[in-house]
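Let's start with one chain on its own, the form predicted on its own, as structure tokens.
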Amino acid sequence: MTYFSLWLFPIIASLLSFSLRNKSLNRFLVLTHSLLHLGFGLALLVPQTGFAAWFGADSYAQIFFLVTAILYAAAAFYPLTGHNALSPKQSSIYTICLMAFVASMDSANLSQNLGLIWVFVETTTLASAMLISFEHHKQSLEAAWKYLFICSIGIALAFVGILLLLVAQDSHPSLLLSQVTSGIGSISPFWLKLSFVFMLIGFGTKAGFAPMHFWLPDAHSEAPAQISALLSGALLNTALLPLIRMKGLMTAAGEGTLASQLFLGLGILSVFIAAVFIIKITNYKRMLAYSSIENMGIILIAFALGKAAETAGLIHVMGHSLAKATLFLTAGNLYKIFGEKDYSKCSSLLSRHPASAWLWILGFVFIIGLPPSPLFISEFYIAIGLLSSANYLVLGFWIVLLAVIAYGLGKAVLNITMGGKENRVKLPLMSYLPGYLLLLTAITVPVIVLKLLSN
């Protein structure tokens, strides 16, 4: 019944959308759902409402839910490209899939049962595949099928990991995290470690960690701008959360060292793969997709280090989500202005549309971790964590990779924004206002995270 409350509005709204097939109604339903969703996300932060206790939401669940809520509101208000050209049926399909996608992420983020988390993560795959292929051209259809195929294999492996976790428990096996933790002393270390490896590969595929990342660049670059923002800023986090929870179980069972080593290895590999591709490709949406792989790797490094670095990891989760969503929404503006995704063919954005140009520049500043970006704080504490754990070679390699990525992204940003004077282009206010609001919100991220962790 608890999770049904998250689905109540999407179910009613989907029935209305499917029955009436009215584009204006569909737009109203998505906006209403996003505002209700944001209100609920904020209410989870207030203990007096009792929502957090009712759902059993810990600080992780609150943070991940709030990120999804903020991004969904921004995506809902951002104009859908070609909305006027859509048929009522297409508009209804988009509306139904979008609300199902968000409700699935909500349920996965709030659940404390690994079995339910698996079900809801799989549901996000089904709902978001339709959204990725929404523009119905060859590349988007190929991206959607690749996404379905690779992520389905990953989710199947995660399911094997869940079954192995049940095998690891001697008596009264459970997938409820609190019950597994309470019986951690009797759990089989061998089966627990095997379960963790399968879940790391399975959920890690959905989270976009290298070398299981092959679906991500295509899906993120071919989806509509607002869907790309949700995929990168919200879905990757949803797949990451069960891995964070499993690492907690591993640590409680005395196997935290193995979990940390695997996290650290996958994290630095993800950053390396991102750096290699970012300096080679010229498709700016694919660059942003590889930047997502980089930042998911950085988050994994943070949680590998533990202690203060885990707090830095949560700050990085929120900061990356808000900054990357801003960049993907702005990339939608770029495509409207230039009709190209190759940044070598785009220039003079400052003269064509200054509001989008400055948003593009500020998004770059935030995503590479320059002040006032919260990523500056998170990366500083991650560096401290690497130093204190004597991972000097990893730290040096990581810093070099960050510099390479900053160079690759900076080259694209300068190429797009600079150039001769061109005629101004007009875009709706909601094409760029949500991006500015996301960056303003990002500045407050450290305060939000620290307050939640102190409760």
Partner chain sequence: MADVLLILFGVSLLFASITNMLRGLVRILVWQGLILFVLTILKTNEFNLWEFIFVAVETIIFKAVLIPWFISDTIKKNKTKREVEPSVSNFFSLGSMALIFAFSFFIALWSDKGPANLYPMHFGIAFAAILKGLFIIIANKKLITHLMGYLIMENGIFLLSLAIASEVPAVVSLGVSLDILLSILIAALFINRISNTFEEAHSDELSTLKD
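Residue numbers count along the first chain shown, from 1. Quick caveat, the model's predicted, so the values are computed rather than measured.
Same protein, other form: the form predicted together with the partner chain, not shown, and the subject of what follows.
In short, of 355 to 363, 154 to 162, 224 to 232, 71 to 79 it is 154 to 162 that has heavy atoms within 4.5 Å of the partner chain in the model of the complex. Taking a 4.5 Å heavy atom cutoff to the partner chain in the model of the complex, the contact residue among Phe376, Phe272, Trp191, Tyr335 is Trp191. Only one of Met99, Leu241, Ala144, Leu305 lies close to the partner chain in the model of the complex, with a heavy atom inside 4.5 Å, and it is Ala144. Contact check for Ser133, Leu166 and Tyr290: all three have a heavy atom within 4.5 Å of the partner chain in the model of the complex. In the model of the complex, none of the heavy atoms of Phe380 sits within 4.5 Å of a heavy atom of the partner chain.
Under a 4.5 angstroms non-hydrogen atom cutoff, the partner chain in the model of the complex lacks Tyr94 among its neighbouring residues. Interface membership of Asp342, defined by any non-hydrogen atom within 4.5 Å of the partner chain in the model of the complex, is ruled out.
Residue contact with the partner chain in the model of the complex: Arg245 places no heavy atom within 4.5 Å of it.
Taking a 4.5 Å heavy atom cutoff to the partner chain in the model of the complex, the contacting residues in 100 to 119 are Gly115, Leu116, Trp118, Val119.
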